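One chain comes next, on its own, written out as structure tokens in the form predicted on its own.
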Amino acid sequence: MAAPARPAPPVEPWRDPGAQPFVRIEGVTKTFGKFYACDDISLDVYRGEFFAILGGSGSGKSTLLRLLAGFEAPDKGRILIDGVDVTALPPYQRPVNMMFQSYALFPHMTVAQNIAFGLKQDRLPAGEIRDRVQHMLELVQMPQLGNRKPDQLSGGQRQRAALARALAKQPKLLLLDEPLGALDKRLREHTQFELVNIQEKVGTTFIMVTHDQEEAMTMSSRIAVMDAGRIVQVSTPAALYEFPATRFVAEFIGGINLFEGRVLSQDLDAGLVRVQCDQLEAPLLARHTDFVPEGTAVSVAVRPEKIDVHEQRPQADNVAVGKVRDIAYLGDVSIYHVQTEAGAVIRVQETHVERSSEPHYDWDGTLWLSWPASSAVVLTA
């Protein structure tokens, strides 16, 4: 008897030409004096996504979130939520709620009263308020803590109470401003998965701004990377990491080695480019299918964990040799900085699969490094 056919995996909406975006930002610009906080931004977010806007200080990410919430008005462009133009609507008329980094819980109210506050403002019946508050407490796994005041809660519990309050009004869109920034590292890592699980249960579209790349990579379905008021790349976490579109994205997401050089030759049929780098003894070989003229200045990006370490010269697409200048032991991995004779410092990451209290290689030891052409990314921007 044949095994039953497995259902096809759901189509990711951003890959579906027929899918309509739930949030659409069209050519939005916001200036403060001569400073462009958001510069002609266009972005689509689909229903049910956990979407992250990632950037450093001054990149414009928080301004973009405030524009979505209605706390700021764009100089030009428009914002649509569920097909409705909300550009001119005040915050209280938008189907949006916001969870702030500080949580902004009322200190004189209990958790249950905090959750109920917005529902009472909307004049919902008392019975419905009571039921919805209890449902929110159960959703965030705090059913017995409704009578506590915020100062009686841990940091993680306050974060969950703020989330429950934000979700109680059943917004179509929830905006999260650095939602885990106030938590310590261990609690933050645990809470990341809790937030994702809650979002999947309620099905609400989440848009989060953060400067923490690990947070964005862990929690989101897609990420928009911002720099100087512009979105420089939008993609899934894996695609951003493995296929950065620009040097900025390559450096901002994870560790990276960047080799500057010029294109020597290109084989379009094989999808290969040879790049001459002054700080390496041999040209680099990299996968690249787009045409790049000979002599073009490019950067070749290679992730540290893609590089293999040898004590003898290996046979590989790309080979470099140098001396160990720095070693960092991080528990699960060790980081080695290997300097070539020409001065390039190559960062190598070695995963610890066996127990050992000593680094595998010593300072000033000579190491051969290799990586395949498929692990190298050619960046022209």
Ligand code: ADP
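Here the structure is a predicted model, which is why all the values come from computation and not from measurement. Throughout, we count residues from 1 along the sequence that is shown.
This protein has a second form, the form predicted together with this ligand, left out of what is shown; the following refers to that one.
> Please name which of the stretches 326 to 334, 340 to 348, 312 to 320, 29 to 37 has residues with heavy atoms lying within 4.5 Å of this ligand in the model of the complex.
Looking at the partner contacts, the answer comes out as 29 to 37.
> Do G48 and this ligand come within 4.5 Å of each other in the model of the complex, heavy atoms counted?
Flag for G48 set to no.
> Just checking whether S42 would be counted as a contact of this ligand in the model of the complex - the rule being heavy atoms within 4.5 angstroms.
The answer is no: S42 has no heavy atom within 4.5 Å of this ligand.
> Quick one: does G70 come within 4.5 Å of this ligand in the model of the complex, counting heavy atoms only?
No, no contact at 4.5 Å.
> Can you list, in sequence order, the residues from 33 to 59 that come within 4.5 Å of this ligand in the model of the complex, counting heavy atoms only?
Contacts from 33 to 59: F35, A37, G56, S57, G58, S59.
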